[in-house]
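Below you will find one chain, with nothing else, as structure tokens; this is the form predicted on its own, and questions on how it binds or moves follow later.
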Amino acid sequence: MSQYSTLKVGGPAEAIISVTNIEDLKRLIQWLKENDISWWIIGRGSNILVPDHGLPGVAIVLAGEFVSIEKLGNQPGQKEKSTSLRIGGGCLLAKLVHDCTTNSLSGLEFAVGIPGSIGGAVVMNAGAWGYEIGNLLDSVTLMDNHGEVFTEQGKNLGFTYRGWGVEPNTIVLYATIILTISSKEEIKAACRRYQELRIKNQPLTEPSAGSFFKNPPKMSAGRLIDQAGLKGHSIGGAKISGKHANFIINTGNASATDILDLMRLVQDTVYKRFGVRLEPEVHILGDKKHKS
């Protein structure tokens, strides 16, 4: 699984299956359920940590029609100069942001530089600079762990900070978002500004899973870790970035165990110092089964 994770760590899954359409995915999910086999949607691996012993089940990658971008245009009831896009759950955010910029569609500039897929972004309610993907969603097409497909309005998904209120074994098949038709040059300028901030403040050239911990209410996880004296601390090949303390990086030879040990050290140290228990933003796979 190290080949499917931006942290470049993780043992083997029993199987990795790429699925290209809804009917095949439905049959797969139903078969896995009938045979009591665990499964995980791994997206683009930008927000996952797989233990060194691997995954006792199947890792599923959404491909084919699930990486599509469909332009729906202005829909009834929408504001003037707005348009809708229907995006497959496996579509890369980077591809989507580029497509929006090319077509003068504004609203996703904040997502420039955020790795991963649109499905992962929805599940995590991905955001930056005060913006969140949940605020752009009109509707989402989902599949439950019985293989049943249904559509839910974005306003009913119970979005929270880096999360949503839907069962964890629900798959994002498609997301429909509403964007604004705007100036291409203004969109490009905003994307450049956000990307420059990322380059300045984040260790983008080293393997990581992005921000490792969620920010506690009205606090910064990175600041707490820094004030606890842990910036630059390492265990094995895992290190707390000297550029941004909320990034755990793989210096080249880290194991998943190194990263997990460093995670626990951060949690324990910050809790003893400040009384705050940091919660991982990264999904640690293998600890819960995606089945009923």
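Source: prediction; values computed, not measured. Just count from 1 along the sequence shown to find any residue number.
Beyond the structure shown, there is the form predicted in complex with a small molecule, which is absent from this document and is the topic of what follows.
Although the partner is absent from this view, L204 contacts the small molecule in the predicted bound form, with a non-hydrogen atom inside 4.5 angstroms. Though the partner is left out of this view, V50 does not reach within 4.5 Å of the small molecule in the predicted bound form, counting heavy atoms only. Though the partner is left out of this view, T6 does reach within 4.5 Å of the small molecule in the predicted bound form, counting heavy atoms only. Contact annotation: A126 falls within 4.5 Å of the small molecule in the predicted bound form, judged by heavy atom distances. Listed stretches are 228 to 236, 42 to 50, 29 to 37, 251 to 259; the contact stretch with the small molecule in the predicted bound form is 42 to 50, by a heavy atom cutoff of 4.5 Å.
Proximity to the small molecule in the predicted bound form, defined as a heavy atom within 4.5 Å, holds among R86, K214, K188, R198 only for R198. Checked against the small molecule in the predicted bound form, the residues G107, G154, G147, P115 give one hit for a heavy atom within 4.5 Å, which is P115.
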